[in-house]
Structures are given as structure tokens and as C-alpha cells.
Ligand SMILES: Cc1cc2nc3c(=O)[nH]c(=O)nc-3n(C[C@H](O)[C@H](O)[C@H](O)COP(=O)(O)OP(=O)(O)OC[C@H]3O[C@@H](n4cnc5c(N)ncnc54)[C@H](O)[C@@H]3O)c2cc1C
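Below, in C-alpha cells: the form predicted alone, a single chain.
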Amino acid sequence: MLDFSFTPNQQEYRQALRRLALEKLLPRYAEGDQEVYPQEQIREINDFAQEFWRGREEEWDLISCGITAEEVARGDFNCVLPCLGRPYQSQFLTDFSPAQHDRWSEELSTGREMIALGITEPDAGSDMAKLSARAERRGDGWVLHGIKNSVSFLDAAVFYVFVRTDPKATGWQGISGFLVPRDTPGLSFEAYDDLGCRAIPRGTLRMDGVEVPGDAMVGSPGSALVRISRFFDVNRAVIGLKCIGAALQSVAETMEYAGKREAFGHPLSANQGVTFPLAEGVTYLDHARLGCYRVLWMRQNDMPCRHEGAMVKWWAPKTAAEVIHKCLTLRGHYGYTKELPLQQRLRDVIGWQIGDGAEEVMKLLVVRELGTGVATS
């Protein structure tokens, strides 16, 4: 029988985490627009999660990871990724060697340090098979050359970069992943001036003769993109849930305002022109939310979910942006000012209509699955 409920522990975690996000993160959300990152608050949330799940780790799974994404985003959209903890990192770090785990896992899972993914290039965005960054053998190590753009967390402690190690291979073959610490000679950085998500530095990573040891390679040579594609399914659901969390918080704030503000002798909430668009919005958000949790449930049960991940990645951020935009306009010109978080949430969410695969690319993945019959079986 289908079960759409959280466990009692997950429900308790959800309620406590929402209170923490609204008390600790939301009041200083606007500071992120000035490129101030709340490291202390992130540590507090991670410490709370570690303590909450102590002794009941079996329930600290990908569903709980989704709860974290949704609830933290209600407070500060840009704090989600460092707060996702071990369930999320276990998907990302699955191919790390024991030595790599010893060096990075604890710091990354607690949010004390960040890892940045370097895949996209100026001439290889969604078509990752066209990567041109390369690594050449030198003794027991490798020398990396190339450019990665649209790198989130440009201030990360370590970069997980994807380069071609077999010059004769084509397409997705012959591409390997390397862990490159920030202070490695030959790395240089150029930050973007983005419209949103300004608390998270993004930009270009250049590798000019970057020397790394042989044990910097993650997993086996030549199969990096095939392995990382499994992580993308989970990440797309997480992206969807954090966009949904930001939108649902915007609806909650707008409904509170509509219940207090009077126009023509009645509260705004009595006006169907105000409440019906919000009712439509939460209906769409609820369906997108269920789709995101389905992806996490499928991966938790080791089921293929590429098709489902692509669907929620294009649908959830788009829907969230539309709902937040409606909340903004319902507040009149005040909603357009920086006095309220609506304009910042809108700018932040729009960025994730692009990141990790634009809408058109996700629809292309869905169409491909339709062609195989997987999506209709």
C-alpha cells in the first residue's frame, strides 16, 4: 500500500528544524545579498541534526535530507547545501577512496568546509560529453589544464573537477574526476556578479598546469561522468525541494499579511482575487513536492529515477518562481522593495532554473525516456 507519511521522528525533526530556520536564518537572510555567509548558523543547524539523529541513524536517510532542504530554505535559501549532512554527502562521495574519506568526509558532512563541482565549461554546458579540460600523466601524478565556469562555492576548500584523461576517447568515456585542494598551485579564480544567490560565490576556475598526485583521482579512470550522473538525480530533487520551501514560506507570509490588511472594509484574505492564486500555487507546489520526495524514495530503494529527477528539476523551480512572483505582486510595491525577502527569494530561485540543467535540457531527458518506454511502462 502507498504511504505518503513521514515517520514520527522525521515529523518531529521537520517541526524543530523549521523553528530553527525561522529563528536563526530568516532574520539575517538579507545579509546574504551582501555576500555575507552565515557560517555560525550553518554549524548550529548541522550540530542540531547530528544530535537529533544520534541513536536513530537509520532514519537519517534521503527523505530526511529532503526535509532538511525544504525547511532550511524557508529561512535562508542559500544555506541548504552545507546543511544536508551525511545522507546527501554519501551520494556525492560514494567513489571516494578510504584516504579521501578520511581527509574530507567529516569536514564536508558537517558543513565546516565546502566542496565545489567543476564540470561545466565555456563550450560544454549541458552536453558534458564535449568537455575539453584535460589531464596529462607525469610520473605518478597528473597535470591538469582547462577552464571550468559556473562553479558554485568558488571559495570552497576543495574542487571536484572533471577532465579528460584519455585523449583518444570520445563522448562520456575517458573522463576522470580529481580532488584539487584550493591552495594547489596553478588554480586561479574569477567571481561572477550574479543576480541572485549572492551569498554563494560563483564563477570561473582556471587550471594552468595544476599538478596533483595519483591518489587525487576519484574512482577508476575514465568513468567519472557515468558515476556522477547518479548523484544528479538526487541533487535535482534536493534543488526542487529547496525552491519549494522558499515558495511555501512566501505563501505563509503573504497569507498572514492578507489576514491583517483590510481593503474596502474587509481583510484581503476575503478577496478571492488574492487567495485563489495562492490556492492554485500551493496546489502546484504540493504536486511538485511529492514528485521530489518520490525521487529520493526511489534512490533510497535503489530504483532508477533519472526520468523522475529530470521532471522535478524543470517543474519545481519554475513553479516556485511563479508562486513567489505572485506573492510579491500581491504585496504591491512594498513587495518589490528590499524591505521584504520576496524579491531576494525570486532572484535566488531563478538561478536554479538554470543550475544543474536548464528546463529545456530536463525536458529533453524526459523525452528520451519516453522514447525508451521507461516513462510509460
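All residue numbers refer to positions in the sequence shown, first residue = 1. These numbers come from a predicted model, not from an experiment.
One more form of this protein, predicted together with the named molecule, exists but is not displayed; see below.
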| query | finding |
| --- | --- |
| Option from 125-133, 99-107, 207-215, 245-253 whose residues, in the predicted bound form, bring a heavy atom within 4.5 Å of the named molecule | 125-133 |
| 4.5 Å heavy atom contact, residue 361 and the named molecule in the predicted bound form | yes |
| 4.5 Å heavy atom contact, residue 78 to the named molecule in the predicted bound form | no |
| The named molecule contact in the predicted bound form: residue 202, any heavy atom under 4.5 Å | yes |
| 4.5 Å heavy atom contact, residue 367 to the named molecule in the predicted bound form | no |
| In the predicted bound form, the residue from 314, 352, 60, 37 that sits within 4.5 Å of the named molecule by heavy atoms | 352 |
| Interface residues of 99-121 toward the named molecule, as seen in the predicted bound form [heavy atoms, 4.5 Å] | 117, 118, 119, 120 |
